[in-house]
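Only one chain is shown below, in structure tokens, and it's the form predicted alone.
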């Protein structure tokens, strides 16, 4: 598409916007997430103020019930072509706004799962590396709600969601398990959490160890937070990736490093792709005429 376009990844907690001109991203802005906004339309108009663009292309929670306009989910197996065809166009304050659909699937027992935004990163990653569009790679997209997506010949075949990030935030921030501000020992705690995840049937049975170890073993609050992180991520990896030889991680550096370490602990190789670059690449697919 010629001219200037605004690309946006609008999640529940964060809005990322990129101004694209001449086929290149020339400026970036950040804004509030969809969750808790009283007026999402006003928030978007304010976020793009001063940018001279005729079109905005959005993925993520912009297409949810709490967003600008609810956009139906695309059922798996999902191709990038079908995903693009599912765009919904609306008019907002003189701007043409294109909102991408999310993706849904059901597992072998018929249980439903959904995602909005992560599919953009997966399709963007496939554009970065055409080899990933062949065969059956497994992706993990860490975050508040971690997604494990199976791709088959360029299609998102199925996926599973773990609320690992949300659970960690609740346990580390709103419980007594890691009360205190001492940051020391977090890396050691993370390694201990991975080890515990490997030899326990369920992470739930070990959560309280994060608190007990502070009293009985002199562990710090930082150790406890690391332990909780390692336990939760380790449990996730143990459940979903035991038969894999390699997993593709798409995410921000700190979380990607933790998932890479967890995969390595279980003997699984990984490669990491930058989540923001993959999101932009996916959005550019939507804007490519």
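Computed from a prediction, not measured in an experiment: that's the story for all the values here. Numbering follows the first chain given and starts at 1.
The same protein also has a form predicted in complex with a further copy of the same chain, omitted here; what follows describes it.
- Of the heavy atoms in residue 129, none are within 4.5 Å of a further copy of the same chain in the model of the complex.
- Taking non-hydrogen atoms only, residue 113 approaches a further copy of the same chain to within 4.5 angstroms in the model of the complex.
- Residue contact with a further copy of the same chain in the model of the complex: residue 245 places no heavy atom within 4.5 Å of it.
- The shortest heavy atom separation between residue 239 and a further copy of the same chain in the model of the complex is within 4.5 Å.
- Residue heavy atoms within 4.5 Å of a further copy of the same chain in the model of the complex occur in exactly one stretch of 149-157, 204-212, 133-141, 80-88, and that stretch is 204-212.
- Of the residues 61, 221, 56, 44, just one reaches a further copy of the same chain in the model of the complex with a heavy atom at 4.5 Å or closer; this is 61.
- With contact defined as any non-hydrogen atom lying within 4.5 angstroms of a further copy of the same chain in the model of the complex, the contacting residues in 137-168 are 144, 145, 147, 160, 161, 162, 163, 166, 167, given in sequence order.
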